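One chain follows as structure tokens, the form predicted on its own.
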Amino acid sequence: MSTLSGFHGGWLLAGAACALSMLLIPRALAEDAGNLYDTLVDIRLGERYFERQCGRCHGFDATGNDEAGGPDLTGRLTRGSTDVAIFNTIRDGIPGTAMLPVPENVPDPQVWQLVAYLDSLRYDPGSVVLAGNAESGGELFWSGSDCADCHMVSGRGARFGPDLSRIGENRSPDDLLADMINPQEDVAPRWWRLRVTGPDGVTREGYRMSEDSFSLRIMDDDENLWSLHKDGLQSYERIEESTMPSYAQSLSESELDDLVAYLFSLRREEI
């Protein structure tokens, strides 16, 4: 056997041994040492698995899916934020919920790669330096703008837009600024509006609270809920635009910075 063929044979055997060790490494060892699969390659492989198997419920960018009910995974996780807790949630699922365990034939290293990908989506908010002042932004939110006419924070405000009580956990400062400047960019189906005329001939318009093949439910501007069967409708129109205006012209750059700082500060308190 030539030296070259011997080299290739040895390389193949070493690669096979490495792959086998990935499959056989005890879970406890990985827990004790932290995530052993957190290289850029591991993160990329975890992202591929997420897009194939998890994106349908959690959104392909992991920011959640209102229709499927999968939560946003880019912020602080409710079920535990340590790597081990995330691993166990993925491996074992959450009984009584739509969160099923991964198939038994998925090896632990692949689950750890998925954990590494989810870790890559988060960062330490304390390391972020913002130009605005959160206190000034709070004053603007509650009394210097119409934000509180649509949004709720900690039970205060209105419900015509997303609850912002913990928005700082799953939106970056850049995302928050983009939301205020261009709110039409990506409107979640939860915030579409429906304009329908019922069998009584009355036209009603409101937020699309729920909808399936046979019925729908809307909330009008007085927060009244209306449930209607589709087969009795005289007309139906879906409005997929946001009701939120752009603040690019109505607020100054410093005011926008202050609002971003306030919204980014809204998160669950550390225990």
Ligand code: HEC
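All residue numbers are counted from 1 along the displayed sequence. Here, rigid core means the biggest group of C-alpha atoms that superpose within 1.5 Å across both forms. On a predicted model such as this, the values are computed, not experimentally measured, just so you know.
Omitted from view is the form predicted in complex with heme C (HEC), to which the following refers.
- Residue in contact with heme C (HEC) in the predicted bound form (any heavy atom within 4.5 Å), chosen from P183, G138, P173, G157: P183.
- Proximity to heme C (HEC) in the predicted bound form, defined as a heavy atom within 4.5 Å, singles out one entry of R48, K230, R56, R204, which is R56.
- Heavy atoms of D179 reach within 4.5 Å of heme C (HEC) in the predicted bound form, making it an interface residue.
- In the predicted bound form, G69 approaches heme C (HEC) with a heavy atom inside 4.5 Å.
- Heme C (HEC) in the predicted bound form is not approached by N224, whose heavy atoms all lie more than 4.5 angstroms from it.
- Mapping the unseen interface onto this chain, M244 counts among the residues with a heavy atom inside 4.5 Å of heme C (HEC) in the predicted bound form.
- Contact here is defined as any heavy atom lying within 4.5 Å of heme C (HEC) in the predicted bound form, and by that definition each of S145, P162 and L251 is a contact residue.
- Although heme C (HEC) is not shown here, in the predicted bound form the stretch 87 to 107 places heavy atoms of T89, I90, I94, T97, A98, M99, V102 within 4.5 Å of it, in sequence order.
- Relative to the superposed core, D163 undergoes a C-alpha shift smaller than 2 Å between the shown form and the other one.
- A displacement of less than 2 angstroms separates the C-alpha positions of G201 between the shown form and the other one, with the rigid core held in common.
- After superposition on the rigid core, the Cα of T89 moves by 2 Å or more between the shown form and the other one.
- Compared with the form shown, the N170-C57 C-alpha separation increases in the predicted bound form, the change being 3 Å or greater.
- Note: the CA-CA distance for A116 and A178 contracts in the predicted bound form relative to this form, by 3 angstroms or more.
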